[in-house]
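Read the single chain below, which is given as C-alpha cells and is the form predicted on its own.
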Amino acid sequence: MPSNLKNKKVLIGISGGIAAFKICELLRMLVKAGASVRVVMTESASKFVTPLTFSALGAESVSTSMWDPGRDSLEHVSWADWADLFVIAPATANIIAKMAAGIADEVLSTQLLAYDGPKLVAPAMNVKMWNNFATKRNIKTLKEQGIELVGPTKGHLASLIEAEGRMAEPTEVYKSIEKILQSKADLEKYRILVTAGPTVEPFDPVRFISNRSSGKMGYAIAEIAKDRGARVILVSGPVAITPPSGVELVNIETADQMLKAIEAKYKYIDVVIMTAAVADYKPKIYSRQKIKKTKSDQNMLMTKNPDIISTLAKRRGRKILVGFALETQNLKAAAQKKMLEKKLDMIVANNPTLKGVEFGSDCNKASIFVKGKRATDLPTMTKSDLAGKILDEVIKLLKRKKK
C-alpha cells in the first residue's frame, strides 16, 4: 500500500523503451499516495504508450513536444520549477547520454537540463548497450552529479534473453521515490560547515605539494546534510566533483585560505565537519618564478601549516566539532589520541590502503568515535550511506548539547 506523498510534485520523464508500459503502474501508485504527477514523453515513448493512457490514469498533464498545442512557449522549462523530484523511467541509453552531455534537443532533455532538483534515473536497455563503455562513462557522470539510480536488474529483456538491463519494477522505483521525498528533515534548524578535498601548497607558480584526497566524502556529507534540511557551507579544496545544489560553495587552495574561509563563517555555524585532507606542511619560501632544475640535489625548507581544527576548538562555544583521521596503522589508537588532543566531539577514522576503499573510491569503511562512547565499527558502504551514519551521530550530539 503506497504511503502518504500528499502534496508532493513528481515529474516523470519517459523515454522510448518497451519498459514504458511499467510507468502506468508507477503513476497509479503515486496518484493513490496523493502525489501530483506530470508526465514528459519523448516522441519515441509515445509509440509504446499513448499520452492519453497517462492522462486517464491521473497525470495532471502530459507533454510530448516542445510545441504542444495550446501551451505557453516557456512551459517546456517552467515545469522544472514545479517539481519536487524528476523521475526518468525508463531511461534509455540515449537519454542517459543526453543527460551526461547536457544536450537539450527535445522536450524531455530540455526539461532535464532546466531542472536543478533531485533526479532519479531507472535505466532500461539491451545488455550490450548497458555494458558499453560509453554508457558506463555516462552513468559515472550522472553519479558524480549526485543523481540517484535504481536498477537496472537482471531479467528477461525485449530480446528474450535473460541479462542485466531490465528496468526496476514499479514497486522498487516507488520505494526510491518515497525515500527521496520523505527523507529526514532533522537538521533543518542547523547550520553545518563541511570541509572537503585536499589543500594545495605552492612553492613556485607551477609546482605544489598536495595529497590524494578526492573530496568525495566531504561532498557526500554536504549533500546528505542539505537533504536533511541543514543550511550547508562547503569549503572545498581543488576537486573534480560537481557540488550539490542548494549548498554554499567556497573554493580555496591552501590551508591558510581554508582557515580564513572558516573563520569568516564560524560565528554563525552550529557544526563543523572537517573531512578535508589539510597539508601539515607548506614550503617556507615561495618563489615567484619557476625554480629551475640544477645538476645537484635541492633541499626545500618546510614550515607547519595552521592546525585548523585545534584553532577552532579554542573558541568553539557550544559548537560541535567533528574531525577525520586517515591512518595506515594503529587506526583506533591514533584516532582516539587525535580526538582527545584536539578536543573533538567526534572523529571518523579510516584506512585508505584497504581494498575497495582506496583513494577516489565511492565507498568507505570507517570507525566512528564519539566522546564518552565506545567506537562504532562500520562495514564497507557507500560514502553517501556513511555520511548518513555520521550525521545520525551529529544529531545525537546536538541533542545532548541542548540539555
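Just count from 1 along the sequence shown to find any residue number. Nothing here was measured: the structure is a model prediction, and the numbers come from that model.
A second form of this protein, the form predicted in complex with a small molecule, is not displayed here; the remarks below concern that form.
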(message) Please tell me which of 113, 279, 247, 129 lies within 4.5 Å of the small molecule in the model of the complex, judged by heavy atoms.
(response) 279
(request) Answer with one of 230, 308, 233, 173: the residue that has a non-hydrogen atom within 4.5 Å of the small molecule in the model of the complex. (result) 308
(message) With the partner left out here, check for me: in the model of the complex, does some heavy atom of residue 324 sit within 4.5 Å of the small molecule?
(response) yes
(request) Spell out, yes or no, whether the shortest heavy atom distance between residue 28 and the small molecule in the model of the complex is within 4.5 Å. (result) no
(message) Check residue 342 for me: does it contact the small molecule in the model of the complex (non-hydrogen atoms, 4.5 angstroms)?
(response) yes
(message) With a cut-off of 4.5 Å between heavy atoms, is residue 38 one of the residues that contacts the small molecule in the model of the complex?
(response) no
(message) Quick check for you: of 294-302, 271-279, 135-143, 121-129, which stretch puts a non-hydrogen atom within 4.5 Å of the small molecule in the model of the complex?
(response) 271-279
